[in-house]
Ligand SMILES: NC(=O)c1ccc[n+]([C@@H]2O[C@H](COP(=O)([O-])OP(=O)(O)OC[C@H]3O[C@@H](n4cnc5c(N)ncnc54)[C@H](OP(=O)(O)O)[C@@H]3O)[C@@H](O)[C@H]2O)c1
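Here we start with a single chain on its own, the form predicted alone, put down as structure tokens.
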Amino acid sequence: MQGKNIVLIGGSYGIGASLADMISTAGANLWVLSRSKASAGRHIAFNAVTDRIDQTVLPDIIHGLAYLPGSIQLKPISRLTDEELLHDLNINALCAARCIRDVLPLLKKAEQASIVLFSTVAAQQGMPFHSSVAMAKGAVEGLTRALAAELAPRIRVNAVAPSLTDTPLAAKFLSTADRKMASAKRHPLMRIGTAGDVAHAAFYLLSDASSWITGQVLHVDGGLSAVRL
């Protein structure tokens, strides 16, 4: 990844911050578009919901793009409002598509480029109270496969689908030792995922090490989606 130009949409905390540190350490040139300042790379103030990307503040060629903003809203369907459903769909899927569209000309200038999106284990495995996020992330997985077909062979498009991970976004679900233990026991590997666990997968998909992979959803979920004990 040495010398490549990588853009992260979101990257100031959690998985994004961990991924930013990995990319910077690997010697890439990093731009982080986020609401709050990132710990690595060149920061550009940006809100994925309200802002459009200004290509003039980015490099002429982009080799990698990762879209990290998301939401976790767990409620019974009977309590979800139209506004909440639209918010989840917007920040997870529609804004991702718009950001890709905004920088696509710069990605197309690279001989090989990679796009990484983020889904969830709940998009493939039915879980109670996950209807809003599962619907939104299901759209992300559909976008991943459609763009992988549309942009091949020069731009690869993949997604990472984690389970609940110990990050600020999930803090309210892991707020006590009992909650953390209960979550860990749901996973075959008997622990909660870390930001680094997920960031390593995204780093791999952005790097040339995954140059023959596109249209895939990589499950980084402690075995939850595939293993029954």
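As the structure is a computational prediction, the values presented were derived from the model and not from experiment. From 1 onward, residues are counted along the sequence shown.
Missing here is the form predicted together with the named molecule; even so, the following discussion is about that form.
- Using a 4.5 angstroms threshold between heavy atoms, Leu164 counts as touching the named molecule in the predicted complex.
- Contact between Ser175 and the named molecule in the predicted complex is not found at the 4.5 Å heavy atom cutoff.
- In the predicted complex, the named molecule sits within 4.5 Å of a heavy atom belonging to Val49.
- Using a 4.5 angstroms limit between non-hydrogen atoms, Pro69 touches the named molecule in the predicted complex.
- Here the chain stands alone, but in the predicted complex its contact with the named molecule, taken as any heavy atom within 4.5 Å, falls in 113-121 among 113-121, 78-86, 100-108, 150-158.
- For the candidate spot formed by Tyr13, Gly16 and Ile91, every residue has a non-hydrogen atom within 4.5 angstroms of the named molecule in the predicted complex.
- Among Ala40, Leu58, Leu169, Ala26, the residue placing a heavy atom within 4.5 Å of the named molecule in the predicted complex is Leu169.
- Shown here without the named molecule, the chain has Leu33, Ser34, Arg35, Ser36, Phe46 in 21-46 lying with a heavy atom within 4.5 Å of that partner in the predicted complex.
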